[in-house]
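Have a look below at one chain only, the form predicted on its own, in structure tokens format.
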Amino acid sequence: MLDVFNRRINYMRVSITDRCNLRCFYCRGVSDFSFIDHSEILTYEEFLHLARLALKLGVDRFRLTGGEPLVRKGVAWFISQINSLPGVKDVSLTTNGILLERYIGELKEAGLRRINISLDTLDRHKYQKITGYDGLSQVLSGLQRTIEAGFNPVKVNTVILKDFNDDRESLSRFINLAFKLPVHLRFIELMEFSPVKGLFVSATEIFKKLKDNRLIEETELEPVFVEGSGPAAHYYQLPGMKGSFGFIAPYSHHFCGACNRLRLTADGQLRTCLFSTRSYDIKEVLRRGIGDEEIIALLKKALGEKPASWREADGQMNGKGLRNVGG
């Protein structure tokens, strides 16, 4: 399935819930307790229906996200059902890790192979300040169990926040983690959608901090390949590392020219770009029950309108009177 810019679209990120068991201050406003009504969230059967249709169009890789996907009951069963669909090449999961230790056996049995764990600090007090919950030990236990269970690759997503976790001690702990464990760190630029402003740090700044603090030697860096479903990250290894580290820089070094993804929200809205407010109401068409042809037609229409880059999508946002995307 090619879009109008000849990009092969074969990857769909599926948010199966908007609920989360953490309250990260840069994700939702401190007083924002609004969630989608349960009746508006797609059922697992509806998600599977859409996955079957997406497979017909060439989408064969699926990543489950949230909110926090492990708070939704039956997620292991759902993963097993997606894995059983003919033509599926990869199913992966992004989680905050709080419930990993509890469910890792079920996830493995369901056929899951790859897990990304969101973890912004290795300092207990900072973790509690970011998330509102004293749960770092649970995440680290879940991370260890994930490695022991044979998941590969295991990636750690770290959003860098200015004057919070961009100091030498914080960065050093993460680099050391890649020496101790076979994990692949991804330092990520903060999305400007955050309700808290002034925290953005570019990937270029992060790289410079790593060099200036002598945490890495640029001459010793070796580019490495880490399995994934998208073009977002570039990884490097230092001598002796069991894992690697890399950067996801949607603003400063965007990867739009190789973008291969679609996004489906928990309430059935399809988006072709994270930075665009334009969405396509797949749920409305699905629940009208008028046949798969119209759903496929809507998927194709969305694909035909996928923007060339985040700057074009940014223009769509500005045209609707919304904020500029910084960086």
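In this text, all values refer to a predicted model and were calculated from it rather than measured experimentally. From 1 onward, residues are counted along the sequence shown.
Another form exists, predicted in complex with a small molecule; not displayed. Remarks below refer to it.
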item	value
The single option of Leu55, Ala302, Leu48, Cys27 touching the small molecule in the predicted bound form, heavy atom within 4.5 Å	Cys27
Position in contact with the small molecule when the complex is considered in the predicted bound form, options Cys256, Met191, Ala149, Ile216, heavy atoms within 4.5 Å	Met191
Candidate stretches 172-180, 72-80, 137-145, 156-164 - the one whose heavy atoms come within 4.5 Å of the small molecule in the predicted bound form	156-164
Thr95: touches the small molecule in the predicted bound form, heavy atom cutoff 4.5 angstroms	yes
In the predicted bound form, Ser244 touching the small molecule (heavy atom, 4.5 Å)	no
Proximity of Gly66 to the small molecule in the predicted bound form, heavy atoms at 4.5 Å	yes
Ser118, heavy atom within 4.5 angstroms of the small molecule in the predicted bound form	yes
